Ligand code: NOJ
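Take a look at this single chain in structure tokens; it is the form predicted alone.
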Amino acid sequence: MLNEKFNSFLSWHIYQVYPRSFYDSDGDGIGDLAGVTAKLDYLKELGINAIWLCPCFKSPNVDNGYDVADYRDIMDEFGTMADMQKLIDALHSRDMKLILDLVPNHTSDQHKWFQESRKSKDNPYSDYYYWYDTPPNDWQSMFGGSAYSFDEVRGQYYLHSYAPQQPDLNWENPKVVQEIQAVVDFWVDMGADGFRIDVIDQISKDFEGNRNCFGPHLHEYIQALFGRKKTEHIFTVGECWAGELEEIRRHIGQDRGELSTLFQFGHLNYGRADKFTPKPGSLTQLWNCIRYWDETMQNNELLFSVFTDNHDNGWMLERLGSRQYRYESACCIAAMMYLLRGVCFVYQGQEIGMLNPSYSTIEQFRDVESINMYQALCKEMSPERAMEKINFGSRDNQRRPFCWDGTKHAGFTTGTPWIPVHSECKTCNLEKDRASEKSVWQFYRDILHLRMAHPALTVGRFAPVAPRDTNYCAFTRTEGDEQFLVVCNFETPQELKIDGAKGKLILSNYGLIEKTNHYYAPYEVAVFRRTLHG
């Protein structure tokens, strides 16, 4: 059985905030912490009880904050430490939680540790990073090119798994472990309730296996961070490409003293051949995947993380939904995901059914990955074709300002936004969606509030009703005498005769009209509630 702490996490509805693009409180074109604080009542109304704040620590922003220059200070454009304390206090006064984005694999090259480390081979920070006279292997950076760069000051090469301005920390040095422990403790003392840990699988390198992750000391390092009395009570979720059950168990088993849960990323690949290339995908593929993982995690007493979108991938609705049936398919995906058993993550803008924008020039993008990819693609194809790929797969799809309304700059700022707003913000924005009879926002709110009201939809047992490879999904959630049946038809209208669909219809995206037949329209959702044994 999951212990009490883990059971409590099943009721968390976590909203991922990309602060640079959420809401600008001071008109400088950049979202900030005060802007997040100003919108907490909006999130509370939606049914959110925790936020995951993407990187907000001091940074030169080569990689939008994932290059940290000071773990104990706030990015200048986001505000001050006083603004952070106000946000924490405002969250806690609303019985909401704060999850911070921790980046332990690398720092900015502007961080004091790296600036000191590069000075010589024998200073106190010398071994905080990986240094070599010649590159020891042919590892490539995630952003293209060699993962090793030559530093003129020190006269050696250093390892960077991402941009050259993001040198990898050397966790084999015990002082590095102690430094990151101190960072975690600092924020826990300030009031943080948990952490999302960036590329946690990379903090230990497997040099013998020639891969930049899952090294021999990985679990030792994670336990050093989160297996201590100081941190054992907090919520932690790791960004980690662990696909095998035993490796997942090593990360999040209740007896491990490591993480609360991990993100499973396999379902994000449906609808694309690679990040920048579309490929036909289906909700059937999605159902097969999440059905397997939710059942597997439940049977092994592990916490499943439920999400469809994040700051690194284009909108799932674009890949697996329908522009013609935007409302219906957005609701279908929401129901089949967020009525599962697991910790719920909602990315900003997802709750109004955002789709990918479209732009004609690379100058309308800011993401280093996208810019590098565009330059590489232009060597192989026309600029127009390259832009099609960037429009499909760019991380900026998720990072553009939140569309609050249809006014200039989408109500995000009174100034000039740091990146052009979504190209379709006048037709898809919060104000317009909430006023619509077909409101994606209202459907999300209904789901989240339904979960809050019924333990069967949080701690209740998940049981699939529809088998694999069907053009619909159906499952039950049961706790005590209460049971919910969730039916989500996919794109093809059809008759579905499902055992148990005799309860009271309490949620639908086609209206709360009691079903007198078994016909389901495209992307129709029907949620039934019934009492067992009585």
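Small disclaimer: the values here were computed from a predicted structure and weren't measured. In case it trips you up, residue 1 is the first one in the sequence shown, and so on.
Unshown form predicted in complex with this ligand; subsequent notes refer to it.
- The contact residue chosen from 179, 431, 318, 312 relative to this ligand in the model of the complex is 312, the criterion being a non-hydrogen atom within 4.5 angstroms.
- For the residues 395, 249, 454, 366, the 4.5 Å heavy atom test against this ligand in the model of the complex is passed only by 395.
- Remark: residue 160 does not count among the residues lining this ligand in the model of the complex, judged by a heavy atom distance of 4.5 Å or less.
- At least one heavy atom of residue 199 is located within 4.5 Å of this ligand in the model of the complex.
- In the model of the complex, this ligand lies within 4.5 Å of some heavy atom of residue 63.
- Within 4.5 Å of some heavy atom of this ligand in the model of the complex lies at least one heavy atom of residue 239.
- Three-residue candidate spot 143, 166 and 399; every residue lies within 4.5 angstroms of this ligand in the model of the complex by at least one non-hydrogen atom.
- Contact with this ligand, judged by heavy atoms within 4.5 Å in the model of the complex, is confined among 63 to 71, 32 to 40, 486 to 494, 470 to 478 to 63 to 71.
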